[in-house]
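Next up is one chain by itself, shown in C-alpha cells, the form predicted alone.
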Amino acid sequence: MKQFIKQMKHYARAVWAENIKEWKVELTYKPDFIRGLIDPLVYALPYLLYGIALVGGRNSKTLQGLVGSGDIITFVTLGYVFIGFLNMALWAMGFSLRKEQYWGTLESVFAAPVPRWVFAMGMAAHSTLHQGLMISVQLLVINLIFKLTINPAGILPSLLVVAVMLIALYGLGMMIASVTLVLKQGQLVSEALSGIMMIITPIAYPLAVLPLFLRKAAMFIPTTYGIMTVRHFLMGENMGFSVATSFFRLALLGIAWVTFGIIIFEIIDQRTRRTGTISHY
C-alpha cells in the first residue's frame, strides 16, 4: 500500500510538472494567450444575437414549453460554455502529443520514468484549468452585457456535475491523443467527432427537437447529461430524468470512456514503439 501511494505521488508530480510546463509556454506568447481568452466570447455572441433576432426578444414561449424556461440568453450561454470542454478533449488533449512533435521534444518527454498516459493526464490538467479560465471570462462578459438569470444555489452542484463529466472527456482526449501517434494529422478524427458531438449535444437547442435516433445517440454522450443537469440546477430545465439518474449515467460513462481511452492509448503506444514510428512526422 505504501509503495502504491508513493507511486501515485510520483505520478501526480509528473502531471503537475506537465501542467506548469504548458502554462510557461503559453504565457511566453502573451498576445496569442489573450486572443485565446477572447475567441470563445466572439464565437458565442452570434448565437445569442441570432436567437434574439429570430424570436423577437429574449424569451421564447416555444422554449418555455419544451424545457420549462424561455430565457434564450441563459439557455444558450450555459450550453455554449460546454463547447470549451469538448474542445479540451478533442483538440487540446488530442493534440498534446502532436505539439511535442512540432517542437521536437516528444522523445524527451516519453523518456521520463512514468507511463505515457501520465503525460496525457498532465495535458488534461492544464487544459481543464485553461478552459476554466476562458469560460469564466466568457460568462463574466456575457453576464455584464445581457444579465444572466441563474439560481445561485445551483452553482456548487453544477460544478460537481462538470467534474464528473470531465472524467469521461479525459478518456476521449486520451484516445484522440493516441490516434495522433498513428495518423499524425489527428484533426481528421477530431473534426469528425467534434461535428457529430456538437450536433447531438443539446448546446443551443433542447434535446426534444432532435430526431429520435439522435436523441438515443445523445444518451451515450457525457456532455448531454452535463449540459442538461447544469441548466436544471441553474435555470430549472426539465430533463426528463432525475438528477440521481444523471449522476449515475455520468459515472458509468466516465468509467467506460476512461477505461476505453487508456486501453486504446496503451495499445497504440505499444504498437508505435514496436514499429519505431513514434518520431515519424
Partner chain sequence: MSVAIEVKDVVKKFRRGRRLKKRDIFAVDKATFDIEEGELFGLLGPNGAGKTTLVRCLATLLIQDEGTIKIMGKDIYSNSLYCRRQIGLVTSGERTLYWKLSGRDNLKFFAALYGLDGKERDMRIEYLMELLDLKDVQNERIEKYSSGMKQKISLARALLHDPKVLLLDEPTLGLDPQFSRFLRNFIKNSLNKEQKKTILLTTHYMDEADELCERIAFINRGKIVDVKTPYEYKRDLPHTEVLELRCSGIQNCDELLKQLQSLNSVEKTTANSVDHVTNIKIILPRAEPILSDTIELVRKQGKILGINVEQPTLEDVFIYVTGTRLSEDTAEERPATKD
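Every value quoted in this text rests on a predicted model; they were computed, and no experiment measured them. Numbering follows the first chain given and starts at 1.
The form predicted together with its partner chain exists for this protein as well; it is not shown, and the discussion that follows is about that form.
At the 4.5 Å threshold, heavy atoms of His126 stay clear of its partner chain in the model of the complex, well away from it. Among residues of the shown chain, Thr28 is one whose heavy atoms approach its partner chain to within 4.5 Å in the model of the complex.
At a distance threshold of 4.5 angstroms between non-hydrogen atoms, Ala14 is in contact with its partner chain in the model of the complex.
In the model of the complex, at least one heavy atom of Glu107 sits within 4.5 Å of its partner chain. Segments offered: 174 to 182, 116 to 124, 203 to 211, 135 to 143. Contacting its partner chain in the model of the complex at heavy atom distances within 4.5 Å is 116 to 124. For the three residues Lys21, Lys24 and Gln270, a heavy atom within 4.5 Å of its partner chain turns up in the model of the complex in every case.
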